[in-house]
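First, one chain by itself: the form predicted alone, in structure tokens.
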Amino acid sequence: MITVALIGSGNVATHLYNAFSTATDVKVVQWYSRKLNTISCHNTKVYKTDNIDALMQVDVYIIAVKDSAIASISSQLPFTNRLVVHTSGSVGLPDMNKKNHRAVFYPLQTFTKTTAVNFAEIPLCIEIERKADFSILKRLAKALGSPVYKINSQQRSTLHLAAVFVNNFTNQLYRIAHEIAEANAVDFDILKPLIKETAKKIETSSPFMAQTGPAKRKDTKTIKKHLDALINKEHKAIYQLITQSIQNTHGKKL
């Protein structure tokens, strides 16, 4: 049995707690949050505290807080030579206080408290300083049912950058599409099957091969029509930039 203390009360911490609660090889024995009311709503027997000095001895301490707070929290921990991990894709190992054994337990997924996730479909990226720590973190990931990837700092940084493109930037494009549709009394739900099919395609094909649309086929008439229809200058600039990027990729020019 692996014992765990969760540090933080945000989206990642909440989903990890929910997942670990049903795992057979893991026990969350303590949950720390600077604001106790953020975790007191969880009806659970786990010991909750807002006193960082009251942290118990466990096998793994998981810091799941905002990136800017990780260094500070790791420095405040009232012990040394224990295994402490953070869950960020962008924070480096050296940013954590070296008084403890440092590692990263990075679930590559977007999390919202109110939206259920399936950890069996979430890659768990593990980065370690000590070889001895990999086995326990691998067990922790397997208890969640997650596929495990051993990575280094550069690979994790690359994954986080790529994730911004496939998640954050894509979501912003959805938002723009929603705004365009709504402004013209079109139900955005009509586009949802297309969104799903676009994501589904890259499960069996590369993004390069899956590309379609007026930019790839150099349909200048349709491109001009779209640009003329865009009133928002920012939307027009994004359309032009992505169109040019697609054509650069596929060897065509405007």
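Only a predicted model underlies this, so the values are computations on that prediction, with no experimental measurement involved. Note that residue numbering begins at 1 and tracks the sequence as displayed.
One more form of this protein, predicted together with a further copy of the same chain, exists but is not displayed; see below.
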{"property": "Stretch in contact in the predicted complex with a further copy of the same chain, which is absent here, among 97-105, 119-127, 132-140, 76-84 (heavy atoms within 4.5 Å)", "result": "119-127"}
{"property": "Heavy atom of N248 within 4.5 Å of a further copy of the same chain in the predicted complex", "result": "yes"}
{"property": "K218 within 4.5 Å of a further copy of the same chain in the predicted complex, heavy atoms", "result": "no"}
{"property": "Contact test in the predicted complex: K48 vs a further copy of the same chain, heavy atoms, 4.5 Å", "result": "no"}
{"property": "Exercise: D53 in contact with a further copy of the same chain in the predicted complex, heavy atom 4.5 Å", "result": "no"}
{"property": "Residues in 235-251 with any heavy atom within 4.5 Å of a further copy of the same chain in the predicted complex", "result": "H235, A237, I238, Y239, L241, I242, T243, Q244, S245, I246, N248, T249"}
